[in-house]
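The form predicted on its own is given below as one chain in structure tokens.
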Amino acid sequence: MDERRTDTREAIRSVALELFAEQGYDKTSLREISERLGVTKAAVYYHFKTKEEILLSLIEDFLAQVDDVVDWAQSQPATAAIRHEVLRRYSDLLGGRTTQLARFMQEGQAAIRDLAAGTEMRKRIDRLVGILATPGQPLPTQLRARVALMALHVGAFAGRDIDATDEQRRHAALQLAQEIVGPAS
């Protein structure tokens, strides 16, 4: 019984994310989510009282994965090789199962900005920047850290008009991000 409940909850999250990506967060309703899933609105409501709860559950999962990357990095020596590995791990997050969520978060910033999750995402990005360039380093070093993360986002979400696969764009963006933060040695 618990497995079926978990499956339904996960299906709701998946369908909601598809709809958020297709038509935007503001234009998606719980009714549309239930219709696409083929369940009653009450079934959706049993798991999530609002579409904001659905979005928050998706974002919280992504943020937990970002926290894992940061926590791992903080347990390592602060070396150039570790910074490169942080970029690789974050790139993997943007290209893995969470690609659609990460893309929605990038494109739907207006919908997320006022939610607590938007603030939490900015905190996680700041933590990643802090791994790539510790506070007190020269301004160019701090900016390189932010630009490197932006390069990963561009590789994951933009450039769809470039004749390359998602994987090829992400790989090229990772190479660029690693060059931006400096050599691994």
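Small disclaimer: the values here were computed from a predicted structure and weren't measured. The first residue of the shown sequence is 1; numbering continues from there.
Form predicted together with the DNA: not shown, discussed below.
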property	result
Partner-facing stretch of 148-156, 44-52, 125-133, 62-70, counted where any non-hydrogen atom is within 4.5 angstroms of the DNA in the predicted complex	44-52
Heavy atom of V39 within 4.5 Å of the DNA in the predicted complex	yes
The DNA contact at S29 in the predicted complex, heavy atom, 4.5 Å	yes
Contact test in the predicted complex: Q178 vs the DNA, heavy atoms, 4.5 Å	no
Within 4.5 Å of the DNA in the predicted complex: residues from 71-85 (heavy atom criterion)	none
